[in-house]
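Quick heads-up: it's one chain on its own, the form predicted on its own, in structure tokens.
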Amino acid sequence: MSSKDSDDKFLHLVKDTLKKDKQALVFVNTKQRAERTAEIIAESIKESNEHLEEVSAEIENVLARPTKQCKRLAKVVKKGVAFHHSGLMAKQREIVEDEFKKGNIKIICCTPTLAYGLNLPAFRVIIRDLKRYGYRGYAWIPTLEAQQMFGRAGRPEYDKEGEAICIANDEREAEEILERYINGEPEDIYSKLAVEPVFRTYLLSLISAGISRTEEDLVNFFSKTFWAYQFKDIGRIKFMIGGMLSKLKEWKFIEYKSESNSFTIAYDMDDGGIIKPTPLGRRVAELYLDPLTAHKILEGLETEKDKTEFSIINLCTNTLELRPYLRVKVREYDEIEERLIDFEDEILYDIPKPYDEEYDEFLNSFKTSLLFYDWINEFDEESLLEKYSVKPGELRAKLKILDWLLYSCHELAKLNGRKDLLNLINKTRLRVKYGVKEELLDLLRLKGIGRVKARKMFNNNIKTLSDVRRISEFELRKILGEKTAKNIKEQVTAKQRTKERL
């Protein structure tokens, strides 16, 4: 079957869905394909309505400066079609989901992430791509994943029945699909406790919460888990627990206490010593941090190098929590290494050598740090999309994780007696939150003022709250509009009155 024939049959399925006055989810393998497929469908639909015009405008203006992606989504929504993936802003995904539930949007083209957790009124699921690129090249997706997609069709709350349709290019592929996904068995599920970062995080949490107070308690707890059932070797699990406890003690997150209240070292306590969290270890558990991440942050903060905003951002970026990193493409390798020379003195840990196995992953984390650094230097979403191929939704998701890591960094510094770093960490966190240079932070204390309006004010010589008090509301309206000008004038007046009363 030619590509055109495949497209024709696919569009016929979509039109048949619309003719039945039903809704469909179309699953594809990449974000770019989801967007392009939605555009192809929208081009084949002539009708639009007034309500969808309003929804389109709302979607386009979620960001102060709409990106090309915002405009693409807004355009297809006018025809009752949408795309949905992790690169969208959360608000845009929410609008698309709500309008689909209301029946206004009829077709959503999406990546497999929509197959998990959401309950939508899709009578029909059309799976256009059952292969994708991975570590083994272009390969079939897992049977379990395909069956998750099938399960989105005909949800009991919305329909009495549903249809899941896979598109094959020829008879041979149709037979393969039948064998793999209809008659095939789903893959086994494996416990995430087998992953080391999860294991050490749970281990510290159990100790911190007082659920397990001895090594024997920990072995008994883990022996009852699904992981132990799959692993089957309790002796090996005991050995792993002992090794990890030694690490947690070395990092000063736990300590051992004998029955006589005297503290001793870990390897003397096989006879029933009590394991206690240190204040530092308890806080790490409360922050839901991987103990290895906490250890690396603490080590970085203790280096003798001068600390900068980039230092703190890079320290928090070089963690498991922010993976997957942006990948350094072959054509930009030299450029990234040149940037590394500029920032080398600000990196708070040992940089791997170019011949080290971990060097490429380090460069990926460094590139991700550069993304954040550009963000706090007021590159907008469209510029970052062009420069790093990072969609607004992906950027916001990573910024949210970075904010959590920066908060954790502040808490660890405070507990470890590094009060000299708290102002720098707080300032970095604020700049990451708003995506601004330091000079705008004073103006951002005003409600309703974000990075765009703050920069507009600063460029018009309104640089502090005192400047806002001095300028007339009439002049402020010319810069920000009537409603915003009135709002911030009221705010600074209220702040001044409060200050005078005090």
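Start at 1 with the first residue shown and count on from there. Every value quoted in this text rests on a predicted model; they were computed, and no experiment measured them.
Same protein, other form: the form predicted in complex with the DNA, not shown, and the subject of what follows.
Q: Among 283, 295, 307, 418, which has any heavy atom within 4.5 Å of the DNA in the predicted complex?
A: By the 4.5 Å criterion, the partner-contacting residue is 283.
Q: Looking at 463, 469, 36, 456, which has any heavy atom no more than 4.5 Å from the DNA in the predicted complex?
A: Only one option qualifies, and that one is 36.
Q: Has each of 54, 102 and 484 got a heavy atom lying within 4.5 angstroms of the DNA in the predicted complex?
A: Not a single residue of the candidate spot has a heavy atom within 4.5 Å of the DNA in the predicted complex.
Q: Among 85-93, 223-231, 372-380, 249-257, which stretch has residues with heavy atoms no more than 4.5 Å from the DNA in the predicted complex?
A: Among the listed stretches, the partner-contacting one is 85-93.
Q: Report yes if any heavy atom of residue 145 sits within 4.5 Å of a heavy atom of the DNA in the predicted complex; otherwise report no.
A: Result yes; residue 145 sits at the interface with the DNA in the predicted complex.
Q: When the contact criterion is heavy atoms within 4.5 Å, does residue 190 count as touching the DNA in the predicted complex?
A: Taking the distances in the predicted complex, the answer for residue 190 is no, it never comes within 4.5 Å of the DNA.
Q: Using a 4.5 Å heavy atom cut-off, state whether residue 202 contacts the DNA in the predicted complex.
A: Result no; residue 202 lies far from the DNA in the predicted complex.
Q: Is the gap between residue 29 and the DNA in the predicted complex 4.5 Å or less for some heavy atom pair?
A: Yes, contact at 4.5 Å.
Q: For 111-143: residues with a non-hydrogen atom within 4.5 angstroms of the DNA in the predicted complex?
A: Heavy-atom contacts to the DNA in the predicted complex: 111, 112, 113, 132, 133, 138.
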